[in-house]
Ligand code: GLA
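First comes one chain, alone, set out as structure tokens in the form predicted on its own.
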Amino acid sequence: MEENSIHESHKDYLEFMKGAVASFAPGRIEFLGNHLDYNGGTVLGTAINAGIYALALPMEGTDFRLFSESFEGADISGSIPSLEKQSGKHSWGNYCLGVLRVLLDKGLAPNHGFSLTLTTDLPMSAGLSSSAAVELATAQCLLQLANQQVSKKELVNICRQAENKWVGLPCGILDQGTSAFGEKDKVVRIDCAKEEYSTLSLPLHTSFWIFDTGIKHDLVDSQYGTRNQECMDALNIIQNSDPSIQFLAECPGPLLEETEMPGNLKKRARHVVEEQNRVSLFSDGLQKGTSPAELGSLLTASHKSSSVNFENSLPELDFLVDCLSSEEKIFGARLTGGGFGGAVLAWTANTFSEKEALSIAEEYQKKWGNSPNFHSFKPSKGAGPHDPLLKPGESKEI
């Protein structure tokens, strides 16, 4: 009797899951190249072994439903022909709806309704770009429901358009590009001006640790847009001297320093130009076999520039970087992501342990009154379809 019940339950489950599709999109660590993506620079990122899992079921008609375990009580229902931007506690759904809107415009959306459920093992608001992972996981599911396929590059552009036009964040392609093109044990190198993607192998016996301050950063409402505009204003001034310069990241250092502009614009531009040089030095160093200790100093220099020149750090982030940089087993540390809160990346030797991470967290708690969460990640594969009958985290692909 018990065997029959199990068999019937399994049959019912398979019937319920008929037509179901699923996908996984990893979070990403911005390794080096802070705010270079929308300035036409080259950036380095790594996809990590945690992210967003999406499960979609087809429905009759044109209605849709969105669910996220991270936003309980904020389910979203609507009709595909009349999409509406969400606000308040339902704002999370804009990342999904933006993707749907772009797919509709491109003729790539399903012609029927659907329900979409999102789950995650990714720390939220920690500078790991959960929003880009939501977009990529959503796009992968909707494309499967519509029996459509696109290249990784087109997938990145679909999700970037969703964030730019629907969500309203003027981001570049770093987040979506890294999540889409990630590979195990490698960094993704993205030429944002040419939209070209490649990978570089990381030194063996190194690890990534993320120390999350818990300070939430909402980039749509933060100074992210202000920094973007300041960079565009600096570029316009530089182009008066040299119209051939298309992107701020390609401006030569001497030209920048001799160009008159308001002090805040000069600082933003200086960060971009010097950060591009750091990315080039790091990339060359990886290919030449330069020691992690020497390469790691570029990460710490990047953070100092973010704090002093780009002013997208916070005292809490600066304190964490100082603490981490004093540890012998840590090669370099810097804020990761858009800044204005979030998390710090530490690039470490494999021998750096949870005990040592806890010691750093205790120092932070003495200073700021709360303890940061910390996580260790590995460079991982990029976004793709996932077998809907497997549990999140199981590795079989479809």
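The model shown is predicted, which means the values in this text are computed figures rather than measured ones. Residues carry their position along the shown sequence, with the first being 1.
Heads up, the form predicted together with this ligand isn't pictured, but that's what we're talking about next.
Asker: Going by heavy atom distances of 4.5 angstroms or less, which of G172, G182, P110, G93 would be at the interface with this ligand in the predicted bound form?
Answerer: Looking at G172, G182, P110, G93 one by one, just G172 meets the 4.5 Å heavy-atom criterion.
Asker: In the predicted bound form, which of the listed residues (G41, G332, G45, G337) lies with a heavy atom within 4.5 Å of this ligand?
Answerer: The residue from G41, G332, G45, G337 that makes the contact is G337.
Asker: Using 4.5 Å between non-hydrogen atoms, is Y224 touching this ligand in the predicted bound form?
Answerer: Residue-level check for Y224: yes, a contact with this ligand.
Asker: At the 4.5 Å heavy atom threshold, is G33 in contact with this ligand in the predicted bound form?
Answerer: Output for G33 is yes: heavy atoms within 4.5 Å of this ligand.
Asker: Quick check for you: of 144 to 152, 163 to 171, 79 to 87, 183 to 191, which stretch puts a non-hydrogen atom within 4.5 Å of this ligand in the predicted bound form?
Answerer: Stretch with heavy atoms near the partner: 163 to 171.
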